[in-house]
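Just one chain follows, in the form predicted alone, and it is written as C-alpha cells.
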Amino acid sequence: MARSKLGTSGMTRRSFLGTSAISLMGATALPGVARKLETAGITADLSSTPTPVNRMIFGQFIEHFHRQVYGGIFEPGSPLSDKMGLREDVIAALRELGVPVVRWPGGCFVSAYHWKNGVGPERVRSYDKAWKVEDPNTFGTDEFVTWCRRIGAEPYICTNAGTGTPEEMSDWVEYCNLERAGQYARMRRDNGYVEPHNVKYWSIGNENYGAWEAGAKTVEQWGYFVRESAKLTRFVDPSIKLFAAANADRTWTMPLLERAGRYLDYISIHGYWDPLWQDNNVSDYLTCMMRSVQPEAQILSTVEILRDAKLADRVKIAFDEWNLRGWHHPGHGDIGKSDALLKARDKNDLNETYTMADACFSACFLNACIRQAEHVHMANMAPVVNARGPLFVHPQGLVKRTTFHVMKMYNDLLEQQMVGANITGASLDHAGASIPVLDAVVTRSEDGRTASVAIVNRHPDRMLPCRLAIEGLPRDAQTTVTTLSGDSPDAYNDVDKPESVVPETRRLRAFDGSLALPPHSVSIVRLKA
C-alpha cells in the first residue's frame, strides 16, 4: 500500500454520494485489464482553505528551432495562412486550447539573437549560432505579438543574456512598451505599430548556467548581470514582470536571489525528463511514469531555496520550459555542422513518439503545479508546435496529439482554486523504484458549488477502482466524467488517424462515489451542485 497525502482536511460535513457506480470508457478494452488493483481513495473538503490556481500554468513556448516557427506557426504563401503569413488553422487550434501566455524566441536560440534584425521593412538575415541554420528574421517581435493577440495569449519575451547586453534588453522593452518617447518607440511607430505592444512578461536570459548556452555565465557573474539588466529594463517600464534564468541548484540560485532578488517577480526553471538530445531512444511507458514524480520534487527544491532567501512570499516560480521528451538535436554545442545532424531533427516530428505516456506524464506535471499553486504561477510547455509540441503542423493541416487533449481538458474543466486532498492507493513498481499508481488534484469554484477532480491512473494495463468523497456537495450534484485513454499505452494520433486518442465525456445520472479508472488514463470528474 502506497499512501500519498496531498494536504489534509477534516470530514465534518456530509460527503457527496450518489446511487450507482460507473465504469469509464476503455476499462475492458485491453488484454489483462480484467485484473484490478486494490481500491484507491480520494477525499477532500471543499470548505477547507483553498489556494488560487494561476491559469498561466497552461502556457506554451515557441522557439526558432526546426519547423516550430517557419513551417509551423508562420508559413507565408500557404493557402492556410493569412496575409501576414500566420497559419490560420494553427491560430484556431490554439484559441481552442485556450493558451494564456507564450514564451519566445528561445530557448538556446535567444542567447545570440539580436531583436533589431527582426523588425522593420528591411530584415537582416542572420546565422543562428545555436541551431546552425540561417534565420531570415521575417518572423520577429511585431509578428510574434500580433500572433499572440490573435490566439488570445499574453506575449512573454525572453531576452538575450548571452551575447546581448542590459542596454539591448531595455531598448527592446522601449520598442514594445513606450508610447512615443525614445528612438525605439519611434521605430515601432514608423514600422506601422502606433500603439504600444504592452508586453508584460520579460525574462533575463535562458539557461545561462549551462555550458551549452552561448555566452554562459558563472555563478559570480550572473547575479550582478541580472541586477543591472533588471534595473535598466525597469527604468524604461517599471510595470513589467521580470524573470531570471535559475534552477533547483542552490549554488546557482541563492547568489542570484541575494544579488538581484529584490528586482524579480519570478525565477525561471526548466525540465525535460526523457533526455533525447543526442540519441532519440524514446523511453517506454513505464520508465516515463516512474519519472512523473520528478517535476514536483524539482519544484519543492526550488521553493526551499526561495524560503531560505526569504523571498517565497513574493518571488514565484515559472516552469517556463517543460516537456517529458527532450528535443533531439545531436551535435548541439559542437564546432561545425553537418547536413546529417540537421536532418536528424526530423525525428522530433514523428507522431508515434507522443503516446499516452506523454499524456499521463503531462497531467502529472500539471497536477504538481496545481498542488504547489502557492509558488508556481506560470508554466510553458516546450514547444507548442512541432518537435515535441501538442500540435503537429504539416503543409496540408495539423494533428492534435495526446498532450493537446490533456492541456485542453485541464484548461476547460478545472476550477480556479485548489483544495487539499487525501489520496490512498496501490503502488506502481518498476526497475527498483516505486510510486503511487494514482495521481490526483481537487479544485473548486470560487463559490464552492463546483468541484473538479483531475485523476491519472498511471498503471499501463490495470483498471483502478477508486472511491471519491468530496465533502460539501449535495447528493444530487450533477456529475460528468471526461476521460482520455487509448487502446494501448502506446496509442497516438497521426495524419492518417487523427482521432485514435480523443477525450470522451459522460454525464452520470447517479453516482455513489465509485469509479473504475481505465489503465493509462487521464480523467476529470466534475461535480456541480
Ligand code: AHR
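Quantities reported herein were computed from a predicted structural model and do not represent experimental measurements. Residue indices: 1-based, along the sequence shown.
Just so you know, the form predicted in complex with the named molecule exists too; it's not on screen, but the next bit is about it.
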Quiz prompt | Triple contact flag Trp131, Tyr272 and Trp327 to the named molecule in the model of the complex, non-hydrogen atom at 4.5 angstroms | solution = yes
Quiz item: Of these, Val453, Ala379, Val315, Cys108, which has a heavy atom no more than 4.5 Å from the named molecule in the model of the complex?
Solution: Cys108
Practice problem: May I ask you to choose, among Asp358, Asp439, Asp135, Glu321, the residue with a heavy atom within 4.5 Å of the named molecule in the model of the complex? | Solution: Glu321
Self-check item: Heavy atom of Asn457 within 4.5 Å of the named molecule in the model of the complex
Solution: no
Quiz item: Taking 4.5 angstroms as the cut-off for heavy atoms, does Trp212 touch the named molecule in the model of the complex?
Solution: yes
Quiz item: Wondering, does Asp45 line up within 4.5 Å of the named molecule in the model of the complex on heavy atoms?
Solution: no
Self-check item: is_contact(Trp277, the named molecule) in the model of the complex, heavy atom dist at most 4.5 Å
Solution: yes
Practice problem: Just one of 100 to 108, 196 to 204, 178 to 186, 363 to 371 has residues with a heavy atom within 4.5 Å of the named molecule in the model of the complex, so point it out. | Solution: 100 to 108
